[in-house]
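Let's start with one chain on its own, the form predicted alone, as structure tokens.
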């Protein structure tokens, strides 16, 4: 019976100082938030998960949002300490927090490190004033630069987010931003193509991102630019120096077990041979092996390494060929969008550009 021993823990902090016009994630404005009460709720939720999943080892903790850098460092420490009381934490576990430059104060990064954070991810999004304003960011370029320099000094493991394919964006301008972000020596970069989601301010205003062909070209050029600077693409939107891939996010993409606490948080875990989809607070819906298998295809093909066939079968009980449309797969391989070895199944470089369409065909 397949039963993972390791688990990842996601702490969702949905509060922000303001909502960006491109964002379609669940968010609440941080007004009169009773932080201590919420932290106690999170700890109670973690304790209940301890009762459900007692024999696990925590491989990673991720404070995401929202803006988790709004959490008081002492409350971050409190949550980490409680997790350590409920489960053993793996040696050298990755403990990450997403920070926003607009929450910066003089000792925040040192305080977060002292609280137990060992990986800091900074939501920069742009490295020029005009696009910071366009994207609704409330920090200045000067603050972003200060924060980038500081996290590079305080932490040994660090990441930054940027958004590309902005309206009318030229690669020469984007290259300047890439050159600057690389200059800080960060171990990891998350680069997201601007998409206009329904129910966002951008959608309401009719904002149009860069056209698809130019965005695809920009993606390819970005990949080459960063590869020359020792940042390898390992997932559709994520680049890392060797050994600094996100342990926590790899759990999602490789089909590992994780739990989530906080509004809109969710999880996936195996218990007594059954896969469960979890929604906060404590709604656990059984998944059929077929449903879980399809999720593994959807998530696994995001990785440049693709799907490990043996792991796939171990997790869901199916051979990969039983889940995907093999005729479509052969056609896509012949067209150069997919590739296969005896051990792995993956999207090619050109396939990654059309990943959503490819997955739709494979799962017919």
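Numbering follows the first chain given and starts at 1. These numbers come from a predicted model, not from an experiment.
Beyond what is shown, the protein has a form predicted in complex with a small molecule; the following relates to that form.
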Just to confirm the contact call: exactly one of 218-226, 168-176, 259-267, 97-105 touches the small molecule in the predicted complex at a 4.5 Å heavy atom cutoff, so which is it? 97-105
Evaluate residue 353 for contact with the small molecule in the predicted complex, applying a 4.5 angstroms cut-off between non-hydrogen atoms, and reply yes or no. no
I'd like to know whether residue 22 contacts the small molecule in the predicted complex, with contact meaning heavy atoms within 4.5 angstroms. yes
So, in the predicted complex, is residue 67 in contact with the small molecule at a 4.5 angstroms heavy atom limit? yes
Against the small molecule in the predicted complex, would residue 163 count as a contact residue? Criterion: heavy atoms within 4.5 Å. yes
Can you pick the one in 118, 75, 195, 110 that has a heavy atom within 4.5 Å of the small molecule in the predicted complex? 195
Assert contact residue (the small molecule, in the predicted complex, non-hydrogen atom within 4.5 Å, options 248, 187, 292, 137) equals 137
